[in-house]
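What follows is a single chain, given as structure tokens, in the form predicted on its own.
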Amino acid sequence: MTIGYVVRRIGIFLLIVITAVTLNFFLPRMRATNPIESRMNQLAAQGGVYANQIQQMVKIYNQKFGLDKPLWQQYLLYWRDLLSLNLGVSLAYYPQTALDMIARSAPWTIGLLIVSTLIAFVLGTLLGALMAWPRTSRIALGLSPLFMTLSAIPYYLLGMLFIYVVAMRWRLLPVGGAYTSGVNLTLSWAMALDIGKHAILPAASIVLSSIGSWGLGMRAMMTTTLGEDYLQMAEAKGLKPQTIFRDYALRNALLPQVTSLAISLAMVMSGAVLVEVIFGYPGVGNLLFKSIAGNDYFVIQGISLFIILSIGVVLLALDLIYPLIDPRIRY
């Protein structure tokens, strides 16, 4: 890997960051309505603010958040705040900051989605490879219709089905939430088991709906690999079938799957919005849903920025790791 290659990739990453921050700043400001005024109107409709005080409070909040300044000054202030990790103050839950709210929600989403994504990736990839391997069992060959069915079912539909059958009819697992209501979070095995019990249903809905996509994708990659010359050479050398499957077929077919896995892990910060809303899970997806419903301007901006930056960081890591995995990419 040459220094020029690394410098180019880092330059592309910095360009992505600048573009993302710029779009994240300008797109919300293209809306016709003032977010603070919209929020004050909502509070007035709920009886939280008197209607004759709205304009006065909007003026005060615009001055406080710098929205009364020229656009170019707002843009420079936005960069200054980002570099100091200041994403603004929540309009719906003032005076909480957007960064604090995202930081509280992120561990729940990261824990749920990383575990479920990795489980779905490992099971789907392995079973998909077995479906395409000519020496596999009939059971693996019969998984294709099941995987096609699972890949067509949205995860939120599976989530609602699990709530009705497993939680409400059979009463085997909790209906929703991340832990038992009223319990204080502590570092203990009982708390860990309680959190794990509440995460089973949302994780299962994500795993079952995505395992089919991973399996079908790996089956297609494995099928294209079977006709390669290096497989025929491995068979001619008299290598064991499991060695050919693991070291020659599976390893080479796995590269596109690794790219998809990295992008899926990068999207973790967006949260599984509908699953988290359905199960009342306190993750980033649920926070994003509440922020959109409540016109929480700065929290929406903060979540969007974190999603874009996480994708950019993962793609940069892929660009730097791939030449080590496949030397052909160096050229």
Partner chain sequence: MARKESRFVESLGRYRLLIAGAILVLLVTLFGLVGRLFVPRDMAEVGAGRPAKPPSAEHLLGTDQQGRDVLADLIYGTPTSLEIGVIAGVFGVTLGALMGLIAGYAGGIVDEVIRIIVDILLTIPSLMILIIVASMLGAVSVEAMALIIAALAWMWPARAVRAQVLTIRERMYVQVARFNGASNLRIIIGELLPNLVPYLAANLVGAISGGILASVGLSTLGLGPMTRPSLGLTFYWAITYGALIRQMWWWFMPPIIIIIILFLGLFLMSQGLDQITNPRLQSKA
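So that the term is clear: the rigid core is the largest set of C-alpha atoms that superpose within 1.5 Å between two forms. Because the structure is a prediction, the values reported are computed rather than measured. Positions refer to the first chain, counted from 1.
The following text describes the form predicted in complex with its partner chain, which does not appear among the structures shown.
Peer 1: Contact check in the model of the complex: Leu67, Leu113 and Ala262 versus its partner chain, with a cutoff of 4.5 Å between any heavy atoms. Do all three pass?
Peer 2: No residue of the spot touches its partner chain in the model of the complex.
Peer 1: Might Tyr156 be said to contact its partner chain in the model of the complex, defining contact as any heavy atom within 4.5 Å?
Peer 2: Yes, Tyr156 lies within 4.5 Å of its partner chain in the model of the complex.
Peer 1: Would you check, heavy atoms only and a 4.5 Å threshold, whether Leu287 touches its partner chain in the model of the complex?
Peer 2: Outside the cut-off, so no.
Peer 1: Using a 4.5 angstroms cut-off on non-hydrogen atoms, would Asn41 count as touching its partner chain in the model of the complex?
Peer 2: So Asn41 does not count as contacting its partner chain.
Peer 1: Within 4.5 Å, heavy atoms only: does Ser151 come near its partner chain in the model of the complex?
Peer 2: Yes.
Peer 1: Considering Leu255, Ile200, Met191, Met168, which brings a non-hydrogen atom within 4.5 Å of its partner chain in the model of the complex?
Peer 2: Spelling it out, the residue with a heavy atom inside the cut-off is Met168.
Peer 1: What is the one choice in Ile195, Ile163, Leu208, Leu99 with a heavy atom within 4.5 Å of its partner chain in the model of the complex?
Peer 2: It is Ile163.
Peer 1: Can you say which of 178-186, 121-129, 78-86, 213-221 gets within 4.5 Å of its partner chain in the model of the complex, counting heavy atoms only?
Peer 2: Result for this chain: 213-221.
Peer 1: Once everything's superposed on the core, is Ser260 shifted 2 Å or more at the Cα between the shown form and the other one?
Peer 2: Shift of 2 Å or more: yes.
Peer 1: Relative to the superposed rigid core, does the CA atom of Ile12 travel 2 Å or more between the shown form and the other one?
Peer 2: Yes, shifts by 2 Å or more.
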